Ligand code: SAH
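This document opens with one chain alone, in structure tokens, the form predicted alone.
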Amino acid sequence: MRDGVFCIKVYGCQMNVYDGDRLRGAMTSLGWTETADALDADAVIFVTCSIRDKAEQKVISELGRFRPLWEKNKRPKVTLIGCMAQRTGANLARRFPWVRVVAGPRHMGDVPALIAESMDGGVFLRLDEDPSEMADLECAPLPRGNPHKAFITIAHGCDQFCSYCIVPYVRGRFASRLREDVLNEARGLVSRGVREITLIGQNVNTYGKDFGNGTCKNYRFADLLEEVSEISGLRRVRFTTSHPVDFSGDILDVMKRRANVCPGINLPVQAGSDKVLREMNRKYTRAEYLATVGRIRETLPEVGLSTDLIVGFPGESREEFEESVSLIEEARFDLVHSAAYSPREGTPAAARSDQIAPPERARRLSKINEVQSRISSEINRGQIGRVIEVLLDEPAPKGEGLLQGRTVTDKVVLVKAPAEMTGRFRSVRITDASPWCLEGELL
């Protein structure tokens, strides 16, 4: 059997969404048909995440559902790719006999052929052993469920080696994609109707620093950002995620100069204590981080600023945790992606003996969320009465007759509008606000 029915399930970050879309395009080009129901599929592809234990447990739970079908008729055959596949996929293949293909993030290019081979029997492992090796899937993703917005991965891997993070071990060393490959993909997406593109990577600001002595040796992320923004017909450009160490002034210059580069920035801080930041191997101090925030706000007064924060890092005292609380109060982020520390086997932080007890981690997370909820509510309520342009890009998850969109500063807006408005830019007057979204009416 060389084709059949497949289902893709994606967990984790935008890079996994992008990889899932590329695999979807590759599979359909080979004659496979997609289904949304995994139990109806011949092949099920899990694009997996290892950033926290919870993400891995979801996949393990889903894998268990296939036992009755497998014992009855030896289907579906399951493929695991991505970070969790690299970290523990070989063990999962031994535990679940329906797992027939396991591939690391840097062997995506091998996956479609391996899935086809697995239909005839056999188990196939393609794990990333060389952190600089790359067998990428040379297939630009076609716009799928949301044809108006798209992600483009501009780099793979990470060289930062934060002490809590599994990413460098499962995604390998940092490698920029070639400038022309990124630009050609962006042009192709725009020609098919995409109006908003988000450039993604573990650390987009490092883009180009690995180009060495070639013709692009001085070509950096700010240059790429500007060139993408110049593509005719592209209304919005975003990017994520940035590392504070590499967030340079030339990026801000492009954002200020180019009207279609959205003034929304995610700048992960991870902790408010210099001691904890040092033990996390973040390579900046609290003061340096806040100075960067100051430069951003000075250059882009209307910026929407979000961050990532970990509470309960090993050895974090209550006083050091309170420094994170005070940093949030001082920086006044629009949104904080907060998480309790989750030990990742193989990282330096997971080997420490001074782990914070889970109940205390949960208490600290609750306090952070409470503080940030108040700040987000105050900021969002300041938007009431304003008229803002919104790209209405999809039906709202909850609420009959509501469409959802985002402002240039990346705030979610809900409006009552007919489905045929999807994909349009519309002026919206903000009428109400919560910590997580705005509500408005079409003008």
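Computed from a predicted structure; not experimentally measured. Residue numbers run from 1 along the displayed sequence.
Another form, the form predicted in complex with this ligand, is not on view; read the next lines as being about it.
Chemist: Looking in the predicted complex, is this ligand within 4.5 angstroms of a heavy atom from every one of 164, 241 and 268?
Modeler: Yes, the whole trio is in contact, each within 4.5 Å by some heavy atom.
Chemist: Within 4.5 Å, heavy atoms only, which of 255, 224, 310, 102 is in contact with this ligand in the predicted complex?
Modeler: Residue within 4.5 Å of the partner: 310.
Chemist: Which one of 331, 114, 300, 340 is close to this ligand in the predicted complex, taking close to mean a heavy atom within 4.5 Å?
Modeler: None of the others qualify; the residue that does is 340.
Chemist: Within 4.5 Å, heavy atoms only, one stretch in 90-98, 181-189, 230-238, 302-310 touches this ligand in the predicted complex. Which?
Modeler: Single hit among the candidates: 302-310.
Chemist: So, residue 153 and this ligand: in the predicted complex, are they within 4.5 Å at any heavy atom pair?
Modeler: No, residue 153 stays farther than 4.5 Å from this ligand in the predicted complex.
Chemist: Since only the chain is shown here, I'm wondering whether residue 107 would be in contact with this ligand in the predicted complex (any heavy atom pair within 4.5 Å).
Modeler: No - in the predicted complex, heavy atoms of residue 107 and this ligand never come within 4.5 Å of each other.
Chemist: Any of the heavy atoms of residue 51 lying within 4.5 Å of this ligand in the predicted complex?
Modeler: Heavy-atom contact with this ligand at 4.5 Å: present for residue 51.
Chemist: Is residue 344 close enough to this ligand in the predicted complex to count, meaning some heavy atom within 4.5 Å?
Modeler: Residue 344: contacts this ligand in the predicted complex.
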